[in-house]
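Next up: a single chain in structure tokens, the form predicted alone.
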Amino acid sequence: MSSGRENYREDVAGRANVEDTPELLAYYDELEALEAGALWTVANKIEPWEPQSSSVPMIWRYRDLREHVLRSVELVTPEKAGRRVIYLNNPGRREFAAAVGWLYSGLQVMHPGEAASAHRHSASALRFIMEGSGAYTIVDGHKMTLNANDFVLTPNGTWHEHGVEESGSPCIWQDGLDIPLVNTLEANFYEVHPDLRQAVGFAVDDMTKTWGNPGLTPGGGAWDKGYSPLYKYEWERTYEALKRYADATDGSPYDGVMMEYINPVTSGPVMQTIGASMQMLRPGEKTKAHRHTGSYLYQVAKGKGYSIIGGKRLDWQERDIFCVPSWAWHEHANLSDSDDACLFCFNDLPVMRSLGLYREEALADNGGHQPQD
């Protein structure tokens, strides 16, 4: 029997398989009038056999976006825009302004002497510096100077603001936030600082000097917040750590030489809802394919190569950004035979792990490699 009403049937034992009848259709209409419904008509849709991401594999090429990001400086001021950002839209997640899954991302630009007003929000946020000099961020009175490939936190609930020193040059960085997640949980608050600016109450880069020393924490130092006190993770130290680790390991067949950014107090993720990592692909390295729950957004910090995501090959070079949707097969390759490639990534892995939802699987067929479109 044909009807205009959705009925997700599967001829599998244990799954809903109820055929429509005139009596049932009339019954469904009665339920709909009461803002209710029969579970068996939608059970197979809302409880799929495996994750069905509405996000699609995407790449945002920096050479295409950069001119448009810089043009926004001519069109709007930071004061009018609040934050002058060109955000990344995934075709499957436009309704939520998400780049992938429940993660938001955009490219923010500021010119020398500009500063955005201080604010705070329930969403957790990060910045990854792409180009320029003289950029800084102030988080709860702690000022940090920023350079290319530095990774900086602006955790949920913290007052923060960004700017570029008069002596600097135009700066672009990638923003990453869990705005779509927090909005879905209906828990987002936003507040502008009453003075629009916050006072710097500590020595510049004090948190890096205090908490950024390998294997050491400050004597008597107390930290009871749910996010890392090391607000800035410097590229030079990160890259050096990757090279040292590469000397001691064969790496993962799926991720190459990968290290996670951590909270030095707990050894857990940098923030409660967002994790981050940096991975190195050795010259000529091609990883095998795997998939896992959680959404991942990558930026190419160094090098040139490609990734195959859900059977789709995406060629990338430095500063390009691409995404891996939840439960999508993916593998990476470094096209250089002489130099390594490095991929920065932020993700919602802390959420997956905290809720007991993380699952991972290696591709067993075709030597661990996907066929390409």
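Keep in mind it's a predicted model, so treat the numbers as computed, not measured. The first residue of the shown sequence is 1; numbering continues from there.
We do not show the form predicted in complex with a further copy of the same chain, though everything after this point is about it.
If you check a further copy of the same chain in the predicted bound form, you find no heavy atom from any of 158, 222 and 319 within 4.5 Å.
Checking 297 to 305, 166 to 174, 192 to 200, 128 to 136 against a further copy of the same chain in the predicted bound form, the stretch whose residues place heavy atoms within 4.5 Å of it is 192 to 200.
Looking at residue 344, you'd find every heavy atom of it more than 4.5 angstroms from a further copy of the same chain in the predicted bound form. Although the partner is absent from this view, residue 218 contacts a further copy of the same chain in the predicted bound form, with a non-hydrogen atom inside 4.5 angstroms.
By the criterion of a heavy atom within 4.5 Å, residue 231 is excluded from the residues contacting a further copy of the same chain in the predicted bound form.
Using a 4.5 angstroms limit between non-hydrogen atoms, residue 337 is distant from a further copy of the same chain in the predicted bound form. Contact annotation for 121 to 160: residues with any non-hydrogen atom within 4.5 angstroms of a further copy of the same chain in the predicted bound form are 121, 122, 156, listed in sequence order.
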